[in-house]
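Coming up is one lone chain in structure tokens, specifically the form predicted on its own.
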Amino acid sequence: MAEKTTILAIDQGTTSTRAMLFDADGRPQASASQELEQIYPRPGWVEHDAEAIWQATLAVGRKVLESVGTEAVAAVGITNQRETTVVWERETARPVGNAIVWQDRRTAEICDGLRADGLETHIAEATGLVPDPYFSATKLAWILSERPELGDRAAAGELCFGTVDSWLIFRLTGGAVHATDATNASRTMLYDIGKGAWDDRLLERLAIPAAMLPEVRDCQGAFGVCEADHFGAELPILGVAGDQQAASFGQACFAPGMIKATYGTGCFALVNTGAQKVTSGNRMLGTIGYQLEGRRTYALEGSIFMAGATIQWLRDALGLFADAAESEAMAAEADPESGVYLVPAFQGLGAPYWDAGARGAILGLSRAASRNEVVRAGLESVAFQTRDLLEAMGRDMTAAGLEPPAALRVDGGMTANRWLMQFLADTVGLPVEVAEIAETTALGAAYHAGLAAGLYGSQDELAQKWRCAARFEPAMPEAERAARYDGWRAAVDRVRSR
């Protein structure tokens, strides 16, 4: 029998589905990916074809296993775009409609109703979140209210709800397991992260039958076995975590005060708060960083909806460049004193504003402005939004008696832009450390599964393996840093809806 030396990590993201193999040292050995079509039925609506997600998962998993075969695979780890909402038939595993993506804003009125009912405080204290269309709860409520017959079927146990991890687990196990992990559950706005249980008050208010909810499990442990037909052999699923929590785990942010930011479609910053569940006073999100043997490690999170997606918009919608890599040179050539700001509120504003009605704008244009200045402003918006998050988190951490972070660990595709990384360090006033292994989301899923399988020794050993590929020190004078950020805040105020 071949030695089990490999972990298969499935990373199902917003714009693509990826499978990776990691060896016993946590090093990537092979990778395969497939783009995911974005469906926009109406302005502000974003959907995915859940069946296409499933087929892509099979395709990339099979492709990546061609290099080693299944004999060497010790376990499967899954990480996923969070909050995206899928409803399917328990008996047939057929989705009842498209998945509603985390970016979708169609449920803003439902969220307004929750605030009007005085539930904002309860939501913050129980779930750590804020009433916003971002989260799964109101997406699920909308699906059930739009098609009333589904509510009766859900109550009868005929329908399943899940985030993408649950959907993949159900399909991989042939319907044997309907489960999620604590990190994904903590992003639904239906889960009490202090009690570790679904919240009956919110389920009742949103008319969501408990019978359709998945079982919540630790991030490491048994999530069933992939049927042999899928990948050529039965493979145990031993690790699951939402993408941002997986990235934090892959970045070895195991100690309170350690923080990472992932720059993909959006930007998501997580800071470890240890055993302390911090209720934010600054509209940050309290969440579960990971759960092991029933013990929860908490985190504060800030979410930016548009990071890499802003650069895609500049490329695809405005045609300012042909390849995202060109943006680095364009930003370097731009006039640093142009005063141009781009506020990418295309889907509203995330933390700390939570303004679903805000809309994007380019401000400060003069006749001297060119495409270079607009591109630079798009990149700068990513750094300014990151500072928004870190300042709010810092106030929460100080109030909770936690030490501020000493550095910002970063990952994701945008970290290849060295100009942006330096501007980020200058803007937030912290050293920025780029992870040596860029695919930290998939790595985090592999770490969870590998620890459960016994392939990796301990979190301490994983922490020692972490390596920095590049470090950027703040170099901008404080007065300039403050002036540029003041300009950003003024620009944001111009686009706010409330």
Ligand code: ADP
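Note that residue numbering begins at 1 and tracks the sequence as displayed. Keep in mind that this is a model prediction, so the values were computed, not measured. Just so we're on the same page, rigid core means the largest C-alpha set that superposes within 1.5 Å between forms.
Unshown form predicted together with the ligand; subsequent notes refer to it.
Stretch-level contact check against the ligand in the model of the complex with heavy atoms at 4.5 Å: of 279-287, 67-75, 412-420, 363-371, the positive one is 412-420. Interface residue remark: A325 is counted as part of the site for the ligand in the model of the complex, having a heavy atom within 4.5 Å.
Mapping the unseen interface onto this chain, A309 counts among the residues with a heavy atom inside 4.5 Å of the ligand in the model of the complex.
Proximity of T265 to the ligand in the model of the complex: non-hydrogen atoms within 4.5 Å are present. None of the heavy atoms of C253 is located within 4.5 Å of the ligand in the model of the complex. With the partner omitted from this view, the residue of M397, V101, L379, A351 that lies near the ligand in the model of the complex is L379 [heavy atom within 4.5 Å]. When two forms of a protein are overlaid on their rigid core, residues whose CA moves 2 Å or more are considered shifted, and G266 is one of them between this form and the one not shown.
Relative to the superposed core, R201 shifts its CA atom by less than 2 Å between this form and the one not shown.
In a rigid-core overlay of the protein, A329 has its C-alpha displaced by at least 2 Å between this form and the one not shown.
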